[in-house]
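Starting off, we have a lone chain in the form predicted alone, written out as structure tokens.
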Amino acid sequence: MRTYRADLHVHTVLSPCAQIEMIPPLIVREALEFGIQLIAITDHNTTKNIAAVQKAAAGTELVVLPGMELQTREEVHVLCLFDTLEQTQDFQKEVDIALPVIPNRPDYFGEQFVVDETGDFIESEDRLLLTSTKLSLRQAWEKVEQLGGLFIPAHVNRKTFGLLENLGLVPDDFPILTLEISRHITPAKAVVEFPQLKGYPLIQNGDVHGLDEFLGSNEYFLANATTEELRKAIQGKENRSFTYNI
């Protein structure tokens, strides 16, 4: 058992809203310099840069979980975290079917670069990633659960793409394990400002789009860095736990 300081919401240059500096070796270097041992790569509606970041982290103490920040039909952002590239590839197939075929406009939305572990350019993703899929929240949850992943509504208190702004409530027709709050509010203040959050474990990530945005405000006490261990820590089961440190 050990403690992992974590940021489970990190973008690369594949997300059109991310800074050009968000390439694998710099992501790894910055996370380690910040004292973070666990990150998840969560680009918008895509998983194509995950393997590159994992390769860049090979031989270091940084664990890189594969993931995605999915945009649902309700225009809500959700973190979908997995343990293996195979799981994310299976999930990507579902997302590709549900993602509208809209050409990206780099001059308006930003570039979408697929890169290798050194940060060298491989290709541009021509399909716009920053848009809603046809998957509903419940459908997305079902697909993530079927694949053995972890489903976390993202920055739920935000005005844009937040669960509370778009729905006004936390759905109760399927179980939601935890909710992510934005970096601009503490869990204590979030519960006061948004009573709908009472009773839910709240985690906080940096929603990292630039190298200076790592947060690491949550530490997880785990046997190893897997989604199942994170699930146990969030639920406080089997001596696993998580804490808020900012």
Partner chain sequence: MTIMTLDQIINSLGLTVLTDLKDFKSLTPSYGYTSDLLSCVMSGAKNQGVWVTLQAHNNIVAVAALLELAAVIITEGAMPDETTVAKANEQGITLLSTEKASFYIAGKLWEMGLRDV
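Bear in mind the structure is a predicted one, so any value in this text is a computation, not a measurement. Numbering follows the first chain given and starts at 1.
The form predicted in complex with its partner chain exists for this protein as well; it is not shown, and the discussion that follows is about that form.
Going by heavy atom distances of 4.5 angstroms or less, which of L167, V114, L85, L130 would be at the interface with its partner chain in the predicted complex?
It is L167 that has a heavy atom within 4.5 Å of the partner.
Which one, L147, I176, L137, V95, lies within 4.5 Å of its partner chain in the predicted complex by heavy atoms?
Of L147, I176, L137, V95, the residue with a heavy atom within 4.5 Å of its partner chain in the predicted complex is L137.
Quick one: does E74 come within 4.5 Å of its partner chain in the predicted complex, counting heavy atoms only?
Because a heavy atom of E74 falls inside 4.5 Å of its partner chain in the predicted complex, the answer is yes.
Using a 4.5 Å heavy atom cut-off, state whether D172 contacts its partner chain in the predicted complex.
Yes, D172 lies within 4.5 Å of its partner chain in the predicted complex.
For the chain shown here without its partner, which stretch in 77-85, 120-128, 158-166, 100-108 has non-hydrogen atoms within 4.5 angstroms of its partner chain in the predicted complex?
Careful reading of the contacts points to 158-166.
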